[in-house]
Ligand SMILES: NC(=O)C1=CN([C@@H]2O[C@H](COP(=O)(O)OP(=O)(O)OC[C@H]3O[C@@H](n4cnc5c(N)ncnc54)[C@H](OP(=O)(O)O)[C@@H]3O)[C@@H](O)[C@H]2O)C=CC1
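Taking the form predicted on its own, here's one chain by itself in structure tokens.
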């Protein structure tokens, strides 16, 4: 394992994120000791056979050796795993966890870890297939002095990520604000397609700009593992109210649609436009001499047309759509007092950047928004799709409210099986589309961390 007194990083849990962490560490010269479930030992040993990564059989062997221990396990199991291996942590070690929900992680650490260790928790706000360079990496200084935080920064400097300093509570609020409802929206879209047994991108009305982004994000989510999203939704105390409000927003807007209440729908949408985005009624920022405070994430729909999974059969395919998914999302933000751009700049995930870019694009233009509202009120060609979507939002809200991981898994995997034939093609499209969107507004340099941790003022 190297020379005596060498600083060793240990990882307990070698799923996709655990491997991404270990690979970045050892390629940067850090000594690593790792483990996974006992039944995975042989395959993990073979995976790292020709590398300096030391694979051991259990977390006790990691904890007693490592100077920096990272638990990379699902939030659902964090208490059990820390309870099993935490007592073996060497004196003075730094302990962290890479979970998407910090409330159960904090409880597990405070319940099971010895008092002579330090805690600096982490969360890379991206998936294992996305390069960590330039992406937000949350650092949570819990029971540790400043020098320990500095050491954590040094350890993760090889990721070239942007450090974001939050508390446990702030982390769960900001991740709920940027991820919980975003996931719920696309889970609901996928479920609606599954229930109607139709691939939307094979219909001419779902192949242009905004629809391209929506379809590709949904496929990206369903191509991942169900537990990536289940823990965030079910265990995050800030997520339940948000998913519940999203379902309520979708339902209330849909009722206005089927009543043909264009004025009621417009009043609600314009209120959200003013409060969420700060736009003046009837004015598109950056046109006719008006000022625009930020560059739009999506510069044009045509920029994204090349990422469509299906080419239109007619040059005259309709671009009209109620865009209920987007209307409900922005209405939800408005009802909860969430200001998404505040979180985007600090800790927005790649998916959230794509999603807020779509919402911004629709609401930025009074003409585009009004076309959607008119379509929602008077054009019934999308009404069956919108009905399935609303039913799906309520279904997902109930699953999350009841906290059933098994029901979540069954519901997720049922739709994943339906969409699976297009995962490979969508993955190729997503990689290029993500690059375009990230380059249009994401921070391009690594921000130097401040001398002392600072917290982002958030609204619950």
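Positions refer to the first chain, counted from 1. No experiment lies behind these values; they were computed from the predicted model shown.
Heads up, the form predicted in complex with this ligand isn't pictured, but that's what we're talking about next.
One residue of 124, 167, 144, 245 in contact with this ligand, assessed in the predicted bound form (non-hydrogen atom, 4.5 angstroms)
Checked against the cut-off, the match is 124.
Find the only residue in 213, 228, 276, 346 having a heavy atom within 4.5 Å of this ligand in the predicted bound form.
Contact with this ligand in the predicted bound form is made by 228 alone.
Can any non-hydrogen atom of residue 17 be found within 4.5 angstroms of this ligand in the predicted bound form?
Close contact exists here: in the predicted bound form, residue 17 approaches this ligand to within 4.5 Å, heavy atoms only.
Looking at the partner-bound form in the predicted bound form, is residue 72 within 4.5 Å of this ligand by any heavy atom?
Result yes; residue 72 sits at the interface with this ligand in the predicted bound form.
Considering only heavy atoms, tell me if residue 22 and this ligand come within 4.5 Å of each other in the predicted bound form.
Answer no; every heavy atom of residue 22 is more than 4.5 Å from this ligand in the predicted bound form.
Using 4.5 Å between non-hydrogen atoms, is residue 98 touching this ligand in the predicted bound form?
Yes, residue 98 lies within 4.5 Å of this ligand in the predicted bound form.
Heavy atoms, 4.5 Å, this ligand in the predicted bound form: which of 77-85, 234-242, 260-268, 278-286 makes the cut? Say which one.
Of the options given, it is 77-85.
Can you list, in sequence order, the residues from 133-160 that come within 4.5 Å of this ligand in the predicted bound form, counting heavy atoms only?
Sequence-ordered list is empty.
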